[in-house]
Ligand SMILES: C[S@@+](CC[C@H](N)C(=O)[O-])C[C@H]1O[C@@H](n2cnc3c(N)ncnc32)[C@H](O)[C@@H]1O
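Before any questions on how it binds or moves, here is one chain, the form predicted on its own, in structure tokens.
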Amino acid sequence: MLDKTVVELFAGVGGFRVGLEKSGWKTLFANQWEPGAKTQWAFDCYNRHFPDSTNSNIDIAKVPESEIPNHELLVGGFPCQDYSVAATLATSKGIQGKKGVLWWEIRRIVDSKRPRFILLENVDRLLKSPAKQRGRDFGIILSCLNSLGYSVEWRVINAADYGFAQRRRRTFIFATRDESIQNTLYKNSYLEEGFFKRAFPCSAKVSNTGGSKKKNFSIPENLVELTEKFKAEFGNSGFCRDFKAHTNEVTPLFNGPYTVLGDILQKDVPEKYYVKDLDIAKWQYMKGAKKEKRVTKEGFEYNYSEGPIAYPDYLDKPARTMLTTEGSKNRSSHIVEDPQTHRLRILTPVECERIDGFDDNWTSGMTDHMRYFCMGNALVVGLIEKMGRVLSELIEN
């Protein structure tokens, strides 16, 4: 049986690792670097919890391949950037002007270390970026991985659809170069027996006219051509092999228990988390619907409108998506009515850790601001645990 070894890039506070260790995987090496930050809060948290691996705290571009151990699974939650390339000025051969720097570092490591499996996470808008050429950036990722011999499957997953405590939509990408695994997952249809279907059951959506929403198209091998001309409407699920993409819209199937915001609230919450009386009007305004005239810095007047956000947040539903600004005075922060005191308050850092599936006080030692920031950046640990278990079953069988 294969050694279940992992390298983790853009590790944050360890969401991938927590989920994978619960499903039997061992991390050998991790990299976490926050550019421009004097204090590397996320890395310090990761290093404190996981001192038994080689943990790197420098720009990944400065890490030579020789320092990264061989491994079976490469994971990472990388930022959504512009991945375009351009032809060199002197010749049509080769590429330059790589803008999505961190993606190209992933490709560099994959090309060098040849992991058997890859599991990546990104925002759901990755499939539609950039706005002026929809699908181009994701097409570049698919083309790169196919050119290195990997079959690629993707799925946009809302954690709340599978019983977790947060409505958080993220694009997950699974890739493998293992022929036996490819034949097991993709012999017939990725929607019938693929990697994500095994972890997160779903069914194909039907269009308004009663037909299928599936689409098939080719992905250019030439990255310059892809950058300049490629557009595609990627569905929330799909599979790509040998530069042939198959995509569809799916809807989740789940019959298990659901966790809601009220389930994870703490008792005896300190006074500092409660809303002050003088701030209530501000919160009501931020959360409420608006139709008003505003003026730009240049003096141009325009009409601004937005719909309301639940105020206070519903305790019988999963939390809304946490952002890095959680806990501050802004429209997106959660406000709950405390069940004990019946007063309004923000979420505590521990409650945010619970929403993402971390142990209580996982980020203790940081300022509250940074604890909220790290949880807004983190993924839902339980999703990764499910994926890790599916991958373990595949290689064990």
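Note that the structure is predicted; figures quoted are calculated from it, not measured. A residue's number is simply how far along the shown sequence it sits, counting from 1.
What follows is about the form predicted together with the named molecule, which we do not show.
Heavy atoms of every residue among 10, 34 and 77 are located within 4.5 Å of the named molecule in the model of the complex. Picking from 26 to 34, 327 to 335, 346 to 354, 364 to 372 the stretch near the named molecule in the model of the complex, with a 4.5 Å limit on heavy atoms, gives 26 to 34.
Not displayed here, the named molecule is kept clear of residue 20 by more than 4.5 Å at the level of heavy atoms in the model of the complex. When the named molecule is considered in the model of the complex, residue 199 lies well away from it, no heavy atom lying within 4.5 Å. Heavy atoms of residue 59 reach within 4.5 Å of the named molecule in the model of the complex, making it an interface residue. Looking at residue 118, you'd find every heavy atom of it more than 4.5 angstroms from the named molecule in the model of the complex. Applying a 4.5 Å heavy atom cutoff to the named molecule in the model of the complex picks out 377, 378, 379 from 365 to 384, in order along the sequence.
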